[in-house]
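The form predicted alone is given below as one chain in structure tokens.
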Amino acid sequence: MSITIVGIGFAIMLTLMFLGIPVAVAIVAVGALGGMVFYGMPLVDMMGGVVWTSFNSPSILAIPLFMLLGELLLRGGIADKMFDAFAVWFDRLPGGLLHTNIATSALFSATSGSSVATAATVGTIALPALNQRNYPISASLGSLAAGGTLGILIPPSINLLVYGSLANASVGQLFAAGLIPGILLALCFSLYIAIFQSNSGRDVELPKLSLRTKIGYLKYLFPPLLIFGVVMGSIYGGLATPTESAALGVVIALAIVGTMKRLTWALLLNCCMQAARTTGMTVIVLSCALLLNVTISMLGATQVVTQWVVGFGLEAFTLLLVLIAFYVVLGMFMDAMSMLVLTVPIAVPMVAAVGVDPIWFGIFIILMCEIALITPPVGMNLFVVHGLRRDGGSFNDVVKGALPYVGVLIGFVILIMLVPDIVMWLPDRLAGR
């Protein structure tokens, strides 16, 4: 096995995707056909057992449960109240409701785990209010698209669950590693808004609310904070696995929606159907990635790439800078989940060879996925937020609004490279290191 063959296989996969072949088909075509060419049918026959063993795991069950949790928050009306609560506190800050977009996205991310769901949910709630107060459309759409990316960084995160499965890393450690960077990144987004979007929405007279009224709105933040506290507290308190904590979150969400008298059979069925569709898409891509991993492992492709990279004598910081450029370009043409499952099997051993911690690298690659979500031409969040518009405006508006946040994200990635304890402090403390 040579680096040339590995490069050819990767190039074939990318070509198939660029030609419009579904991502799962492109991955399994190269994985299964490559295995057949080099090892024949015995390798292909064993792939089914590998996939079954990987999916016959309690941690995989957390994916549909977290998906269902996000749907209940959206359709149960909890997310609407979250936006209202943040709006009364942030609307007088420089940038006004744009801060509300980021704050609501961050809190919704702490219970959802999906970037697309976060962007769609907060965008549906926020856009009417933003338009009513004459916020610039590009600034509004950009903040919603960028805020939505927090959905895959702030735990619980579906992408971190997938990364943990592919990299054989602790999901609990990954969730802990994503918490502080997620909060800091949300603050960085708000700092950008305060500096560069400070005049947004200032041409509309805002109603004055008493402090008592504002404090009264804080009760609407209690349900999502309760769910987040139970989910994360049960994990780190040693009371539940990530899967069991997800189930606890769903039960609490059902109780809250029931208390609000919005829980009906129709709503529950709709939530389950939407969660099943999203889970199905994720699991199909993940299963195809596992098939590819079998071929990669048997051919020794990981060792070949690792030795090739080590041969350049690159330090960890330099290699990570190269990976930033690689992922930014790749993310322009590939969705975040596909990019994750396609590159993790090769990238993790490669960076581990130069001393990069797999937990830290999990946050690094999630941040790269966030960039992919808001970079044209195929940034998923850009399309989701643009699709919420009702004025038929240009797609360039959301691109123009989101691109500055790409710069913020790249700057934040370099920050965690310079100060890795931003990522590793909390998981190290929880692990007693």
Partner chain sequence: MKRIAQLSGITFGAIMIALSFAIAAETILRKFFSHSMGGIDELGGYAVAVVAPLAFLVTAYEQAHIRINVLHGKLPLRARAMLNVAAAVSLGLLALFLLYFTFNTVQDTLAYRSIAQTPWATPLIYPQSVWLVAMLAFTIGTIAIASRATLLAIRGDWTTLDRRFGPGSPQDELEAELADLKTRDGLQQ
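Bear in mind that the values here come from a model prediction, so they are computed numbers and not experimental data. Residue numbers count along the first chain shown, from 1.
Form predicted together with the partner chain: not shown, discussed below.
Between the options L225, A194, L268, L209, the residue in contact with the partner chain in the predicted complex by a heavy atom within 4.5 angstroms is L268. Proximity to the partner chain in the predicted complex, defined as a heavy atom within 4.5 Å, singles out one entry of F333, W308, F326, F317, which is F333. Residue contact with the partner chain in the predicted complex: K219 places no heavy atom within 4.5 Å of it. Not displayed here, the partner chain is approached by M273 to within 4.5 Å at the level of heavy atoms in the predicted complex. Put simply, I12 is far from the partner chain in the predicted complex: not one heavy atom of it is within 4.5 Å.
The closest heavy atom approach of P377 to the partner chain in the predicted complex falls within 4.5 Å. Against the partner chain in the predicted complex, the set M41, V51 and L291 is in full contact: each member has a heavy atom within 4.5 Å.
Partner contact region in the predicted complex: 73-81, out of 317-325, 73-81, 179-187, 211-219, criterion any non-hydrogen atom within 4.5 Å of the partner chain.
Annotation for 102-125: the only interface residue with the partner chain in the predicted complex is T124 [heavy atom within 4.5 Å].
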